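This document starts with two versions of one protein chain, written out as structure tokens and named structure 1 and structure 2.
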Structure 1
């Protein structure tokens, strides 16, 4: 219970911290709406109104993923710039319990993107927000936050070891949302991409939200999303321990 309480308080604290960042606020306010506008115009030529709400949901997922990708590593870099990363790594807790609230906070703040794109589609384009499974949609959104937060931990672990890990993380933005089927079905992609998509929690989170929107078996997708996220949590925790020890040996925790 103490660990859960620490994770909850840490997530709330870092979410408040992110809300004070002009860059994070600007990214959260503007980028999802631009993506939603482009997606709706692309999908307007479709053969059903459900395609428009799928576009709004997909654009929201893209916003959550962008928030996790940039925010998780960016939070670690900020700790390094502020000279507090060493204290975080020396805290009397396992590194995973200290870093996980940071990555979870980025996913929580990214939920704004999903709400904003749905509201934008309704207000500007008159899209009717009709969900096939409203309760399951809420559960799928929570599963996306948890799954992407744990996936973000795995990505953030590289920033502990590498000072310029953003050079590796930034190019993952568009390939991941494309492979995950956030806007286009993965069935239209080359067959060799399917095994890669199958091991991404973003794929199953996007599928769960889509099935909750237009109808389908939501709960298996939610379960798989959380299961892959749990694997990312275990692997990310192990990588954090190994990278922390390596960073101490090479003296790369500090900025200089």
Structure 2
């Protein structure tokens, strides 16, 4: 109970801290507009308004993904640069509960990007926001944030274990957009990508959102998204424990 409270408050405060970074603010203003534009131009040729809102949601998801990837991949390094890594690791808690609020916060700010993309789509391009299941859309959005936060934790922990894995992060952006079917339906991708896509929580999060938008069974996708997220949490938690121990041996919790 107290752990849940700590996770919630920690996530909110980290999101607050993130949202005040001038870089993040600029990104948050520009990226959704660019994405809404992309979505509209890629799919205007498509057959109907369904496609448009689907594209806008997909584009918004890319915003979340970008936020999680850059935010979570560098989460631990950022804390190190700020000099806060030692102070948070000093808490009498498991490393996973210390780091999870940070990656969850990147998913929260990413969720803002999704909503902003929809808003821009509405304002600038007049996309009609008609959701098949509004309540399920909300649930899917929350599931997306949770799933991505947990996936972000896996990224944060593996990136910090593998040296210079940050260099890996940026090229990961596009393949995962495609693989998760955020921009194009998975069915048009080559078949070898299917198993890869199936283990990414983003795939199921995107699917849940799409189903909530245009109609379909939302709940199974939400369930799978969360289940995969939970696996990420367990594996990421283990990696973080290894990382913490190793950093205390190599004296890399602090910069020096």
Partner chain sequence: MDSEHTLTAPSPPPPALSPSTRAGSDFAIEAEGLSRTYRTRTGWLRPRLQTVDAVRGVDLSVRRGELFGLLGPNGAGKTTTIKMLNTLLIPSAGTARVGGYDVVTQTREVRRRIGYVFGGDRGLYDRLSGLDNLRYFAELYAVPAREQKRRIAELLELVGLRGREGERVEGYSRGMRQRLHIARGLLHRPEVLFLDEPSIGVDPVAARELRRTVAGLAANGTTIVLTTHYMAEADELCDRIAVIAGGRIQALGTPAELRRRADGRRVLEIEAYGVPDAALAALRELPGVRETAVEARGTQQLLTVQSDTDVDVQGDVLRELSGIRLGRVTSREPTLEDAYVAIVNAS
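Whichever C-alpha set is largest while still superposing within 1.5 Å between the two forms counts as the rigid core. Residue numbers count along the first chain shown, from 1. Here the structure is a predicted model, which means the values were calculated and not measured.
Novice: If I had to pick the form predicted in complex with its partner chain out of these two, would it be 1 or 2?
Specialist: Looking at both copies of the chain, structure 2 is the one that matches the description.
Novice: Align both forms on the core first, then report whether residue 75 has a C-alpha shift of 2 Å or more between the two structures.
Specialist: Indeed, residue 75 is displaced by 2 Å or more.
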